[in-house]
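Let's start with one chain on its own, the form predicted on its own, as structure tokens.
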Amino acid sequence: MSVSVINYHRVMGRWEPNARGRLTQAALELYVERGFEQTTVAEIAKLAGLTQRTFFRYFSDKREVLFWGSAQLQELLVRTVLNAEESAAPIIAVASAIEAGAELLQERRQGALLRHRVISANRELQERELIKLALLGEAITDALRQRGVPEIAARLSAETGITVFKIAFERWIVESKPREMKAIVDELLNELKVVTGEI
């Protein structure tokens, strides 16, 4: 895909809304086209029709373009765990959170595909992605603790959920006939029941 298809600077004024979204889209296009290392902040801002100053208002550096959505995902997962039925087992609360996360990513499929391509081509970014997943696991563990779940059960449930989420995402990205990510999550959760002898 050529970056020339994005001509934000020709059709949008500098103060148009959704500057973060425009910067993100421009960055992803350039990262895929030229490579993450070869792309500069100046090029991203120019393609988005914005200034470098505006870029740094939203992102601390060009890596953050790829990871800024992590906070929103984490907030969703934690909120879903905390709002689960009081009687729900820890793994059920986590499963609900993972399903909610899958639905969020489904809405952003095209961006997720481009992001995945960029991260897969860069070892440093892959390490950052692993750190992000670890932080999500810690956040879910903490949410389960707040529900009164004992430490070991909280950690096991959270880490299991993150593993399901990671595998589901990997399958969702590569399947030739894309399915809803939530359907893949549900399929893996059912498989988990078989593995643990619950069925």
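Residue positions are given as counts along the sequence shown, with the first one as 1. Not measured: the values here are computed from a predicted model.
The form predicted in complex with a further copy of the same chain exists for this protein as well; it is not shown, and the discussion that follows is about that form.
K.L.:
K132 near a further copy of the same chain in the predicted complex, any heavy atom under 4.5 Å?
P.N.:
Contact check for K132: yes, within 4.5 Å of a further copy of the same chain in the predicted complex.
K.L.:
May I ask you to state whether I152 is within 4.5 Å of a further copy of the same chain in the predicted complex, using heavy atom distances?
P.N.:
Yes - in the predicted complex, heavy atoms of I152 and a further copy of the same chain come within 4.5 Å of each other.
K.L.:
Heavy atom to heavy atom, is I167 within 4.5 Å of a further copy of the same chain in the predicted complex?
P.N.:
Looking in the predicted complex, residue contacts with a further copy of the same chain include I167, since a heavy atom lies within 4.5 Å.
K.L.:
Report yes if any heavy atom of T163 sits within 4.5 Å of a heavy atom of a further copy of the same chain in the predicted complex; otherwise report no.
P.N.:
Close contact exists here: in the predicted complex, T163 approaches a further copy of the same chain to within 4.5 Å, heavy atoms only.
K.L.:
Would you mind picking the one in E85, E127, E107, E75 that has a heavy atom within 4.5 Å of a further copy of the same chain in the predicted complex?
P.N.:
Filtering the options by heavy-atom distance leaves E127.
K.L.:
At a 4.5 angstroms cut-off on non-hydrogen atoms, which residues of 87 to 122 are near a further copy of the same chain in the predicted complex? List them in order.
P.N.:
Counting only heavy atoms within 4.5 Å of a further copy of the same chain in the predicted complex, the contacting residues of 87 to 122 are A89, I91, I92.
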